[in-house]
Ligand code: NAI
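Encoded as structure tokens, the following chain is the form predicted alone, with no partner shown.
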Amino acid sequence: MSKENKRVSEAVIRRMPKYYRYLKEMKASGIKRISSRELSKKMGLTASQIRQDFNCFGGFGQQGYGYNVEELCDEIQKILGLHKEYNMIVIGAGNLGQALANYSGFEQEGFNIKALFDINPRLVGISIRGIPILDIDHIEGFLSQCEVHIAAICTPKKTAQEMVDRLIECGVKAIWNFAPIDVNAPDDVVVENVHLSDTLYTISLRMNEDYN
């Protein structure tokens, strides 16, 4: 993303993956063209909001024609950086870490998990879909030999920040954190804190909308 696009609001950034997902599905279904109004009905947004979002990146449609689905999908793929490939590691080879390693969809989008790391000697040495589980004590050596762009944190809360600090010291610039704590990092490191329980809490709230 260019320096100009760094000023795009967080709300717009959060919507871009959803646009990409919907457009990929339409492209696979053979849909060639779509208007902002038609897209708004599919996504639950207003046509005006969609046009404003796309204008943040230069705008892609033609008045009276709408959007070419394949071209728009390709443009958003580039905006999301999905035309590149990224090396990943997973810290913590428990149930969640193994679930991430078992999901082949990451590879299809260019996110390649190179290794998992854990402290459990019963896990170290085995593989998940050919991805090795290594001793966490060897992580610095591994990172010195393999360029890693993203590290997924699937550790207990008490060790998450310490692990993040080690990774940043080794030059990792993006953290995908699944530990139940918000981790801190310097401004030049991208951090995405994922709290799985938050979505469940949202479901609970919507099921109990007599709160007001």
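Quick note: we count residues from 1 along the sequence shown, nothing fancier. Computed from a prediction, not measured in an experiment: that's the story for all the values here.
Unshown form predicted in complex with the ligand; subsequent notes refer to it.
Visitor: Tell me, please, which stretch of 156-164, 66-74, 40-48, 183-191 lies within 4.5 angstroms of the ligand in the predicted complex when heavy atoms are compared?
Guide: Contact-bearing stretch, as computed: 156-164.
Visitor: Heavy atoms within 4.5 Å of the ligand in the predicted complex: does Leu80 have any?
Guide: Residue-level check for Leu80: no, no contact with the ligand.
Visitor: Verify the contact flag for Ile126: yes if a non-hydrogen atom of it lies within 4.5 Å of a non-hydrogen atom of the ligand in the predicted complex, no if not.
Guide: No.
Visitor: Might Ala93 be said to contact the ligand in the predicted complex, defining contact as any heavy atom within 4.5 Å?
Guide: Residue-level check for Ala93: yes, a contact with the ligand.
Visitor: Answer yes if any heavy atom of His195 is within 4.5 Å of a heavy atom of the ligand in the predicted complex; otherwise answer no.
Guide: Yes, His195 is a contact residue.
Visitor: Does the ligand, in the predicted complex, lie within 4.5 angstroms of each residue among Phe117, Asn120 and Phe178, using heavy atoms as the measure?
Guide: Yes.
Visitor: Identify, from the list Ile136, Ile131, Met88, Leu100, the residue with a heavy atom within 4.5 Å of the ligand in the predicted complex.
Guide: Comparing distances to the ligand in the predicted complex, the residue within 4.5 Å is Ile136.
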